[in-house]
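Before any questions on how it binds or moves, here is one chain, the form predicted on its own, in structure tokens.
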Amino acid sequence: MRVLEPWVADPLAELLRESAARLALVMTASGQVIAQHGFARSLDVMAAAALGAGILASTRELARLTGAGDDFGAVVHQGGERGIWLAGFDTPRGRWVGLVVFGAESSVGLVRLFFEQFAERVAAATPPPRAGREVLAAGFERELDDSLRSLFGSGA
């Protein structure tokens, strides 16, 4: 398991253990990966994140267009050997997305139950957003301007 944010590790490990999931991906709504488990290649992680975020955004818009509300809740695909659970959830740092791939040893009901618990645990454990950091370009421009002033005087 790889996690970018440490407070996601325990809830994700519990989700994987309890639901018997094979693969899992946690990302922001824009597809930035927060945590992953089970993917063999980083290219697969990036592709799954982009596709998952796109699918959830598309179904959210379909829900709005069809009058079904703001969201369908989750997208579930069940194949012969594997199923996929894709759902968004809110955290203090914005909307995040979970993608869970499970096999015959699990079920949609188990994944749903433990995913809901996972989302609640992550939302409760997430620290509040950090204060806005200065954009690199803006800081660079100010430092350059200060350096020029010190080199050439205040008229630079």
Partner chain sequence: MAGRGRGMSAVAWAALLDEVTAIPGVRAAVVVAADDGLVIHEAAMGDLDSADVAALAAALVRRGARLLGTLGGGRPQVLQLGGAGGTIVAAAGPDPLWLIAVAAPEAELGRLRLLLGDRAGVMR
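Positions refer to the first chain, counted from 1. The model shown is predicted, which means the values in this text are computed figures rather than measured ones.
Although not depicted, the form predicted in complex with the partner chain is the subject of the following passage.
- Taking 29, 51, 63, 108 one by one, only a single residue has any non-hydrogen atom within 4.5 Å of the partner chain in the predicted complex, and it is 108.
- Residue 113 is the only one of 113, 68, 46, 123 with a heavy atom lying within 4.5 Å of the partner chain in the predicted complex.
- The stretch from 55 to 63, 87 to 95, 100 to 108, 31 to 39 that comes within 4.5 Å of the partner chain in the predicted complex, counting heavy atoms only, is 100 to 108.
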